[in-house]
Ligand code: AFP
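This document opens with one chain alone, in structure tokens, the form predicted on its own.
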């Protein structure tokens, strides 16, 4: 496991340098989900695959930018799903973006997720690792240094509601309005990594990406985005649930690029969600 985390660190350092100098042009291709790929998406994907190929304990990888699982070491123990550059369209307006990693044993399903990590590329480059605990590291020079262990309070002060409001279902809008009436602050950048990172570091709140009229199965991808953050929030003392108030880590995706509605928060916010969602 240590060698996997080291490969993630190397990837983060290389991608940070790519962001600092690369052009933000679109490539001539789209990923499996139909999103136009920035050249930066493609290059970030290559960086991560290169570093993972050096780790003999990794059997296979799957990426948001690839249409299938790729075997790299037949005798390896772990499988890794990753989003090489989540929120990459925000780079050209100089907002934070990130990389997300889920580490599985045996197969790509929530019950087999043993660790996860994400990296935030912002004014500072930070990495959060969820294994036994949730730990924050910060890049200084060419090395990530441990900063502190993270945990959530029972109640937060931040709300990050995703999706286009005109496509929200009525009960979801009522919940969002209720939370704002309680004095919560809006903190939504359009990037999953920086928004969830802020909630985590500020001690609590609610991030939601619901089912909408145009995307009834949600937008965020289960393996590459949803499950890794579900583990982070659970290890930090919070929750990750779907629109049936079921634990996200119990999801068994049928395909690599399946999506799901998802909600991440501390205890109070998730109890409020259950009031509106049942």
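From a predicted model like this one, the values you see are computed outputs, not experimental measurements. Positions refer to the first chain, counted from 1.
Another form, the form predicted together with this ligand, is not on view; read the next lines as being about it.
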Answer key, this ligand contact in the predicted bound form at 4.5 Å (heavy atoms) among 112, 153, 73, 89: the residue is 89
For a quick test of understanding: in the predicted bound form, does each of 188, 192 and 221 have a heavy atom within 4.5 Å of this ligand?
yes
Using the partner position in the predicted bound form, report whether residue 204 sits within 4.5 Å of this ligand, counting heavy atoms only.
no
Is there a heavy atom of residue 239 lying 4.5 Å or less from a heavy atom of this ligand in the predicted bound form?
no
Taking heavy atoms only, is residue 162 within 4.5 angstroms of this ligand in the predicted bound form?
yes
If we define contact as a non-hydrogen atom of the residue within 4.5 angstroms of the partner, is residue 209 a contact of this ligand in the predicted bound form?
yes
Which of these stretches, 249-257, 53-61, 213-221, 230-238, has heavy atoms within 4.5 Å of this ligand in the predicted bound form?
213-221
